[in-house]
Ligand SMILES: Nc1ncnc2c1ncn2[C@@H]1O[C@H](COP(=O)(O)OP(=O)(O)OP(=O)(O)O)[C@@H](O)[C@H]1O
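Just one chain follows, in the form predicted on its own, and it is written as structure tokens.
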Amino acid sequence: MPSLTREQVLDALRAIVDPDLHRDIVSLGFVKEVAICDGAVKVVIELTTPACPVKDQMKIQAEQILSSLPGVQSVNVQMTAQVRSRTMEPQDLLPEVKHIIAIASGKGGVGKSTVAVNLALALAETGAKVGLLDADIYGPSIPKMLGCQHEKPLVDEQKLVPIRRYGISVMSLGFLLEEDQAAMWRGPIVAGTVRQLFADVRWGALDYLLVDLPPGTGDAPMTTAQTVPLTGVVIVMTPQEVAATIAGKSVALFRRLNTPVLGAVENMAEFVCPHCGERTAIFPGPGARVFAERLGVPFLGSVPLDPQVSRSSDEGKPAIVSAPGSAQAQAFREIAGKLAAQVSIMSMGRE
């Protein structure tokens, strides 16, 4: 029987198609190594993000395909990931950060910061290098949500060093203000402060930097979009029709600023009874899925309301940390995977 060749292995692996990029993994350049020795086949597949939602399925599919080839006695499929970088601009403020993703909302009270924190933690959980910038300068809440509100960042060579918490790098104006001190600033100062939170912080090498913006369509969101090249923005909303209408204004703003909308997230979608499992809608309205379809943006998913998890968040332990097996934590992981997929689509489309 003729020996198995590298070309035969690659031809077989062309049957695996990335569901987001709609191309096979060989033509996409994901197969980085093929080794064949005495019936043993080893393959290394490198994905565009460690948060790929179909990573496990791809591994199983590759193992099944290779095991069915004539003469193959053992198969070793290794899955790795290398996040593709955004297009760098001249005088880029953050050349070591591959992707900058804004988390925005049209109005307050929709849980935008909660979503930002848990998505950052969910991405880091997969092995990605993640930073979280609290750019909500009017009401910085992320330090409290992460239980590090009493910490102060160090200064190294005139650069602020982010606080490390739960495996992510965090910076917030809340670290620099006295407790209960209000930030009462006008437009030009807001713009300058937001820029400093990017430029004067030693972020280092990151796969993803998530930026929690203030609600609305004011100076901070516009400054962020104009200061750094955003990969895109995620819009957070609750199911009410009024929330969808206001969120639409945020979508319109970022589109005017030529910032891609990576998707919509629906927070507080429903309450799941911890005793009987019955699901109860909290707010009336068609929901974010209908809103996303109406505006032509991806729907990334819904996050249920869990009072116990919300209490833990107030105590500095987000859902991903305090209740990793909860429906809320699982929702954040699924949304993080879909977000990472959208980022990969954006990156591959620019190559």
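In this text, all values refer to a predicted model and were calculated from it rather than measured experimentally. Numbers for residues come from their place in the sequence shown, where the first is 1.
Below: the form predicted in complex with the named molecule, not depicted.
Residues Lys112, Asn267 and Asp314 are all found to lie within 4.5 Å of the named molecule in the predicted bound form, as judged by heavy atom distances. Checked against the named molecule in the predicted bound form, the candidates Ser326, Gln61, Ser310, Ser322 yield a single residue with a heavy atom inside 4.5 Å, and that residue is Ser310. Proximity to the named molecule in the predicted bound form, taken as a non-hydrogen atom within 4.5 angstroms, holds for one residue of Gly232, Pro143, Pro215, Pro239, which is Pro215. Contact with the named molecule in the predicted bound form, defined as any heavy atom within 4.5 Å, is confined among 113-121, 199-207, 83-91, 163-171 to 113-121. In the predicted bound form, the named molecule lies within 4.5 Å of some heavy atom of Pro304. When the named molecule is considered in the predicted bound form, Gly108 lines it closely, a heavy atom lying within 4.5 Å. Looking at Glu125, you'd find every heavy atom of it more than 4.5 angstroms from the named molecule in the predicted bound form.
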